[in-house]
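The chain below stands alone and is given in structure tokens; this is the form predicted alone.
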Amino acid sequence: MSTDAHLELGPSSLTDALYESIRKRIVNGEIPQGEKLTEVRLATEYNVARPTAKAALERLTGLGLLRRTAHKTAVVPVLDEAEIRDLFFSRITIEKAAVSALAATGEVPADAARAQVAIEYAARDRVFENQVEADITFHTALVAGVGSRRLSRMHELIIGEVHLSMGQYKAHRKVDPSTVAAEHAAVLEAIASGDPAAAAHHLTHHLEQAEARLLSTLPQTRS
């Protein structure tokens, strides 16, 4: 990118807008795994002050979309097989607890229902970026719908890496998007019917399928 061309930010808080722009570029693979992001680079690309760039980098690091190297440089992380397996172990544990609790009440969170509509539209139109965004909104809404601040905080600790893995590895492209939409629908139907066991089963199946697709995209190492 030419240093004379600056990326445009939206009208919201400058730090929030910068954070959101970088987040989307990382998730969509425009900024690839292993690439370094510095305050100077972002200040130049976006024509913002370095403290603003620093604040956005710190927020992205806290979310898990960036990691600091030994030299304190922010880098888009590369998740290996062990990290991906651990990520999904944590995710299944948290989200299974969430859908079981929701099914015990029979209440489907409104935000999850709206996200499901967005997922179905994205599946119909084959818009990968919209599918990823709606998918994360769906799962976040399920956890938030329980109303447990501690459960939500635990989910927040991993959701950045979840988003990173979905966007960077593009594992969703390995399956018909209508299949993912149907898996989500099954979870919501089980919640609405007041069946915690079925909700947990469908959620676990959905995430195990996602994990398998993601692992299949990793380079195969020879023994």
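We number the residues from 1 along the sequence you see. Just so it is clear, the model here is predicted, and its values are computed rather than measured.
One more form of this protein, predicted together with a further copy of the same chain, exists but is not displayed; see below.
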Notebook entry, point to check: Given that a further copy of the same chain is left out here, which of Thr73, Thr105, Ser148, Asn130 has a heavy atom within 4.5 Å of it in the predicted complex?
Noted result: Ser148
Check: Which one of Ala123, Leu87, Ile136, Ala144 is close to a further copy of the same chain in the predicted complex, taking close to mean a heavy atom within 4.5 Å?
Finding: Leu87
Margin query: Within 4.5 Å of a further copy of the same chain in the predicted complex - does that hold for a heavy atom of every one of Gly64, Arg67 and Glu83?
Written below: yes
Margin query: Counting any heavy atom within 4.5 Å as contact, can you tell me which stretch out of 191 to 199, 24 to 32, 37 to 45, 152 to 160 lines a further copy of the same chain in the predicted complex?
Written below: 152 to 160
Notebook entry, point to check: Does a further copy of the same chain come within 4.5 Å of any heavy atom of Ala97 in the predicted complex?
Noted result: yes
Next item on the list: Considering only heavy atoms, tell me if Ala118 and a further copy of the same chain come within 4.5 Å of each other in the predicted complex.
Entry: no
